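First, one chain by itself in structure tokens, the form predicted alone.
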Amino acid sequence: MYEIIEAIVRRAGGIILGAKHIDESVQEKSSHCDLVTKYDGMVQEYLREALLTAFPEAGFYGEEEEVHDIAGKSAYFIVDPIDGTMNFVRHAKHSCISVGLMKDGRMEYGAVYQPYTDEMFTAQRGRGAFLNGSRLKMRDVPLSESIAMFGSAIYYRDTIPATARLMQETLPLILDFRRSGSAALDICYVAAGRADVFFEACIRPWDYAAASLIAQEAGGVVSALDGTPLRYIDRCSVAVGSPSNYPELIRIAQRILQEPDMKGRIK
């Protein structure tokens, strides 16, 4: 069953690899830093048609034009056709396709595909996480031995002060920061041991759905920054780490959340 999803996602990656004249199709969505190209729509439409042909009983929750066909569905796909659109527009070759399958209120399967490197991260609930078929195991290290990845939540300008405070508080405690421009890949990199912790003050479900399961199945802990469960149907903050560094990150975030001028800055 899940091999079918992986094959569909790989074929969708071919649309990204074959993209030409990307600059000519760029449009703004909510702001000048929130971009979309014709290829975002092309990848999403291919995924919607192929996935729902293979799984006609499922719903579809996609980023572009916010296609939300999930009412009354016990299972539905949560899809980001190109996570890292700014990277895609700038030809940075660091973008991915993210497809998560929600079933009965829980993430059941996730696939995150980086077509430029041909890296397919996958996970099925209770059966582990994998990179191109090799099992993943997250590094379990304290914050002092961690490389932290983060997202800037740049679409939600009211979160900028909270992001800055989180960086200010954590930087003296960690090895270093990384910022890649793709939350889904960042979380998968934590699962793969390329980094050790991830946070972002506000992102949408298609950015984190598939990757959150991959991180959990690799041995990680995933939640919102206040420690509550991810919502999957709305925007929220995200924290990902190991059993050793996750509690340290959450303590820092909760302390910041209690500051008077930070209330409401983390979703």
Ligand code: IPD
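Start at 1 and count along the sequence shown; that's the residue number. Bear in mind that the values here come from a model prediction, so they are computed numbers and not experimental data.
As for the form predicted in complex with the ligand, it is not shown, yet the points below apply to it.
- Heavy atoms within 4.5 Å of the ligand in the predicted bound form are found in exactly one of 158-166, 106-114, 136-144, 81-89, that being 81-89.
- For the options K93, R194, R127, R179, the residue carrying a heavy atom within 4.5 angstroms of the ligand in the predicted bound form is R179.
- Among the residues M149, A153, M120, L101, the one placing a heavy atom within 4.5 Å of the ligand in the predicted bound form is A153.
- With a 4.5 Å cutoff on heavy atoms, V222 does not count as touching the ligand in the predicted bound form; it lies far away.
- Remark: A183 counts among the residues lining the ligand in the predicted bound form, judged by a heavy atom distance of 4.5 Å or less.
- Among heavy atoms of L51, none comes within 4.5 Å of the ligand in the predicted bound form.
- By the criterion of a heavy atom within 4.5 Å, I203 is counted among the residues contacting the ligand in the predicted bound form.
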